[in-house]
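We begin with a single chain expressed as structure tokens, specifically the form predicted alone.
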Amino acid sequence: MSVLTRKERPPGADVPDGPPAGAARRMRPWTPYAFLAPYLALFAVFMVLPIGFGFWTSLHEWDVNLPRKPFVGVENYTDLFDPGSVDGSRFWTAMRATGIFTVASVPLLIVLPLLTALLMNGRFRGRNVYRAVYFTPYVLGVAVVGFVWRFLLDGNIGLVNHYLGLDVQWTTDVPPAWVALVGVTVWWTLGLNSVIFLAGLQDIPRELHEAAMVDGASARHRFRAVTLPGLRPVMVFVVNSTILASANMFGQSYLITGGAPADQTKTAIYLIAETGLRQFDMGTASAMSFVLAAFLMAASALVFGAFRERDRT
């Protein structure tokens, strides 16, 4: 008995689409793992192994210049929580600097990009040019940003003091140094969050705004009832990523203030890099890294928990 091809079947006859029903059943059980294998291999090599080696290093007195690296257990961690130890006092001073910078910069990097995105989401001539102008600073490297602003903010020859008629030591005194670091960071990274918020605004259905306008809602009420709820998933990502990025600030402090004055602007990442790469104390630096990572994990959990509670209400 001959089998009719698809073209030979009479009109109206049922023609099965796709592969035969038994094709899916012929898939080998290891096929999904074969597709995952390249990613899992890269993840293990560049994530799991470095984390494991870093934790192993934190349990040793690890000087890269010495062949012998004795095991000290959790001594590196206990030293960090000992107020009388040198490493502990330096670490918590750096953590305090990290907290100051994070608390000062994160609200600005949430509110200002959101306002910028609301403006850029409107219809006006040349809006793409304005969007590009706001995003352009972000494509610069931290080295370029740091060296340029170090020159502009110099207390003696800087153009900021010259044109504003000020006599402020932006790089060697506090609080001016914090104002400089936060201001430069906001100017540099505002464009990224603005673009993310803009993408979120464009995903909100226009019909919701039109329905709210028909109901007589004002612009403020539409922002609270339509825009903010629609931006909630984007807001979670922006808030969490901004906190992590601010807490890991290094280049601006290293290049603009050098940690001055008296290490008051030396952040935790700055201290970790200095301890491990300049003092060659990789054990203590690794312990500092894991303590900082624990704080950042707790901060991320708080962010997700806060937005989850809002979803329930």
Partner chain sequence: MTSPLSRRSFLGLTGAAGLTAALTACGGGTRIGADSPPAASAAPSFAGGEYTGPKVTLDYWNGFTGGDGPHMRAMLEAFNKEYSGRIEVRNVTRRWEDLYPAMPTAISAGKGPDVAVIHNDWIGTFAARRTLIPLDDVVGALRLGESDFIPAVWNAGVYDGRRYSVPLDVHSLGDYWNRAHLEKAGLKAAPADRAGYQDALAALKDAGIENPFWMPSKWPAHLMFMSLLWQFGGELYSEDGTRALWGSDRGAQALAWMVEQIDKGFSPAKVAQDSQYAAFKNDKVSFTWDGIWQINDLKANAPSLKWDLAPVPNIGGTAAVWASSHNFVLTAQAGKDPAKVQAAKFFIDHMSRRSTEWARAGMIPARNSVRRDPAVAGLPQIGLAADVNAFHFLPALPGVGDVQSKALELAVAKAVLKEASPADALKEGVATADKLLAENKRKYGG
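Since the structure is predicted, the reported quantities are computational estimates derived from the model, not experimental observations. Positions refer to the first chain, counted from 1.
Just so it is clear, the following notes concern the form predicted in complex with the partner chain, a form of the same protein that is not shown.
In the predicted bound form, the partner chain lies farther than 4.5 Å from every heavy atom of residue 105. In the predicted bound form, residue 84 approaches the partner chain with a heavy atom inside 4.5 Å. When contacts are judged by a 4.5 Å heavy atom cut-off, residue 72 counts as touching the partner chain in the predicted bound form. Mapping the unseen interface onto this chain, residue 260 counts among the residues with a heavy atom inside 4.5 Å of the partner chain in the predicted bound form. Residues from 171 to 199 that approach the partner chain in the predicted bound form with a non-hydrogen atom closer than or equal to 4.5 Å are 171, 172, 173, in the order they occur in the chain.
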